[in-house]
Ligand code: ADP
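Quick setup: one chain, the form predicted on its own, written in structure tokens, and binding and motion questions come after.
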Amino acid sequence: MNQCEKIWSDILDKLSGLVSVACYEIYFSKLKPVVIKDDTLILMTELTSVKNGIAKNFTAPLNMAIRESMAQIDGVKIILKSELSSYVEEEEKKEEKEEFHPSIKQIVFQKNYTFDNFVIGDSNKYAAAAARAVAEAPGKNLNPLFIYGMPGLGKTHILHAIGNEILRNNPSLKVYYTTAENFTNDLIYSIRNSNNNELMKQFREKYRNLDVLMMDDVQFLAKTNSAQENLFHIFNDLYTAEKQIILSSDRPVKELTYIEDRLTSRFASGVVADIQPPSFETRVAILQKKAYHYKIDVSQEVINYLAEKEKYNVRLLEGMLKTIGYFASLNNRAADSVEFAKEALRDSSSGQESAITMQKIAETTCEYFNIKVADICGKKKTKELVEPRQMAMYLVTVLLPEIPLASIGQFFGGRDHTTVIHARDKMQSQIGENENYKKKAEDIKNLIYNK
């Protein structure tokens, strides 16, 4: 999947929760990503009706989805197939001059991700304080900084806030934000073109000449020796030069079992700060701030309803608020009642997600593999049961990240948390390396959401 396809896939994922299934299928599912030009994603359709329909009726949810997906673009432009040749030819000429993989382009920090609009509560105050200290004096006392917490609690927001603050105070510093996946992709590109020594030189210089390196989602760091070996040396070079290193993960350092000990020991050698799910009061404060930011006219009753409905994932909470706001704008009214909020969320993926349970995940996985739940929750370790059991455990950790690993192990036949970690990491690796496994996981997820 190239850069354009990945960005569009992320945007589509967010759009699916903002528009009806019918509108999604008619207007968005058939659009094809072409190229990124002047920070605008170019999409292609064969139908004028699709192009005009999106421009007329779906500009607001499309812009919301772009912001929500963290896509590093300013917007999208939809062209007809007849216009395609000029864009493709122009990009091909551009690529002829490209000396290195496009992902070396420094990600611009999201301007709306600042410390001022990050709501602080008991669940995140330590991480927020550490992040501020790093932003004020990078490379000094809190190095490295390792932040971890379940998906959707604000880790990426904090990293971007640090970046924005550092560059506001020291615009000349070289500050780079990346993900473990992009780091690996950069390395793979350089290795595949190993006959060009200049590429490997650029790769090393790119990371080792930084003043601040931020790496998001380190749990996705490739298991390959080359990826971990290169990060190990880059880490040492930056640390020795007193350059700031900031890392984030969806799990504690001790649960990164497939990453070499010499790396994890360095991850934990500085300050480790966790982010827990926010309290009801913090969730209310987050919703109030988001409603003000997005100019959504919503009553306190609705805010309280949302804060009770989603207790763990701030990203889902924000998505539900945006969905209600968009629904209210379509009906030219305020979101002033719980009944109205329920109507707005009736088809949203957020509403569906709250109905997901371990039992539902296990049942759906077993239906997919045509086996019994009792089998994957039993003691048998036959080949035909191992994959479904590991897939089910993996999906629980992804779809229900708030559930402790020990509880997952108990559900699946009284196994301990290390078995769950092994199953999760193995399946995650298989999905990343094998399209067949990736398709199985996506198929089962879709069955779960539509059940």
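All values derive from a computational prediction rather than experimental measurement. For every residue, the number given is its place in the sequence shown, counted from 1.
There is another form of this protein, the form predicted in complex with adenosine-5'-diphosphate, and it is not shown here; the text below is about that form.
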Subject >> Joint contact, A135, K206 and L210 to adenosine-5'-diphosphate in the model of the complex, by non-hydrogen atom at 4.5 Å >> reply: no
**OP:** Note which of V119, L142, A227, L345 lies within 4.5 Å of adenosine-5'-diphosphate in the model of the complex, where distance is taken over heavy atoms; exactly one does.
**Re:** V119
**OP:** Name the residue from T184, T264, T156, T178 that puts a heavy atom within 4.5 Å of adenosine-5'-diphosphate in the model of the complex.
**Re:** T156
**OP:** Choose from 74-82, 331-339, 310-318, 164-172 the stretch whose residues reach within 4.5 Å of adenosine-5'-diphosphate in the model of the complex, heavy atoms counted.
**Re:** 310-318
Subject >> Contact label in the model of the complex: I286 to adenosine-5'-diphosphate, heavy atom within 4.5 Å >> reply: yes
Original post:
Counting only non-hydrogen atoms and a 4.5 angstroms cut-off, does Y258 reach adenosine-5'-diphosphate in the model of the complex?
Top reply: no
Original post:
Could you tell me if P151 has a non-hydrogen atom within 4.5 Å of adenosine-5'-diphosphate in the model of the complex?
Top reply: yes
Subject >> Residue contact check: Q244 to adenosine-5'-diphosphate in the model of the complex, 4.5 Å heavy atom >> reply: no
Subject >> Direction of Cα pair change I421-T264 in the model of the complex, magnitude 3 angstroms or more >> reply: farther
Subject >> Cα distance between Q428 and N225, which in the model of the complex differs by 3 Å or more from this form, closer or farther >> reply: farther
